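Shown below, as structure tokens, is a lone chain in the form predicted alone; questions about how it binds or moves come after it.
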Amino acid sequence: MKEKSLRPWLLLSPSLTAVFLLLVVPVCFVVVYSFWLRAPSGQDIPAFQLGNYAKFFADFFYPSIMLSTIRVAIETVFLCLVMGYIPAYFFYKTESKLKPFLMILVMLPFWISFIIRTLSWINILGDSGLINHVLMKMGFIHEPLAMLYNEGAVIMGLLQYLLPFMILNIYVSLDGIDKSLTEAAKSLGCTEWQAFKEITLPLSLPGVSAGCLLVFVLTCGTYLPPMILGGPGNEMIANLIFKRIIGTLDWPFGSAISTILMILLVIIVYTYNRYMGIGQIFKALSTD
């Protein structure tokens, strides 16, 4: 009996070991580093003190970047949801033979380096980029529009990166809905819109919720679009961490900022789970 109870853990041990070594241990190192002391000479001194956290909250500059990051993440989630539900619903409804090809197009960005995809926006939105070149040739404008190095360009880069995640999550949820339910609703007098509003939309909410949570967390942790496409006032918290750790080699303060971000995301995910039921999301997705 005891052997049977241990067998699942033995089978899971390789995966659990990998998760522990590649995720738990590095996170623990970051948390420990956040309490170390940065000496004037630049040396990191092992210690247990809260000076790095006090430094973060002492100057509103750092919390303001955190708040800006959350705002941009919410805007990105909203835009991804609006832009992602339509193609996901189309994939669910269409019977076209081109459906597999169209699905491949959605996943195509994953085959290209994230850095290359982000840099490509410079050739599209720049002063001498495609959009400005076409508009000037057609006579609509006489000087280039400033479309780069602002928050709009950052959100554009984030949308390119995160929209496929939203589309795929929603599509997986929609694909698990029995189409006969909507057909039965329409046979009872419902219009197409009523059937969508009363049946399809509620049943697709697990995928919507999972996509929103995933997009939000990934937005808070990304730094390439703000670094490449943003201006001096468009920094996000991940850029601040990057500059502190890579730029100034201030590992203790960079680790403290990382820990604060991690705690904030844990609180958000816990609250989401408390009121939205993330367990139900994964249960719904696993039954599709």
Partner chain sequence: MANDLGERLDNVYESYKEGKISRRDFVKYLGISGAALGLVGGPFGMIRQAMAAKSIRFDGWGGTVSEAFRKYAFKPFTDATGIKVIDGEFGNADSYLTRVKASYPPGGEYNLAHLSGVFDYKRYVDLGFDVVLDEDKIPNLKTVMPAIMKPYRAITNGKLSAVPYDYGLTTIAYNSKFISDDKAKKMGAALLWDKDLKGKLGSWTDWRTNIWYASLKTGQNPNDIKDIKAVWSALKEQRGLIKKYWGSGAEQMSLLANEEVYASIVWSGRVKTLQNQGHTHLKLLIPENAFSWQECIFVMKGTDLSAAHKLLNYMLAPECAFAIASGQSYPPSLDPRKVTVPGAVAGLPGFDATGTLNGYLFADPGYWNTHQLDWAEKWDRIMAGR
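What you see is a predicted model, and the numbers here were worked out from it, not measured in a lab. Numbering follows the first chain given and starts at 1. Just so we're on the same page, rigid core means the largest C-alpha set that superposes within 1.5 Å between forms.
There is another form of the same protein, the form predicted together with its partner chain; it is not shown, and what comes next is about it.
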* To do: Report yes if any heavy atom of E75 sits within 4.5 Å of a heavy atom of its partner chain in the predicted complex; otherwise report no.
  => no
* Partner contact for I260 in the predicted complex: its partner chain, 4.5 angstroms, heavy atom -> no
* Asked: Within a 4.5 Å heavy atom cut-off, is F61 in contact with its partner chain in the predicted complex?
  -> yes
* Asked: Does the 4.5 Å heavy atom contact test between E198 and its partner chain in the predicted complex come out positive?
  -> no
* Taking its partner chain in the predicted complex, which residues along 209 to 241 bring a heavy atom to within 4.5 Å of it? -> P226, M227, I228, L229, G230, G231, P232, G233, E235, L240
* Return yes or no for A39: a CA shift of at least 2 Å between this form and the one not shown, with the rigid core superposed? => yes
* Asked: Just checking, between this form and the one not shown and with the core aligned, does L16 shift 2 Å or more at the CA?
  -> yes
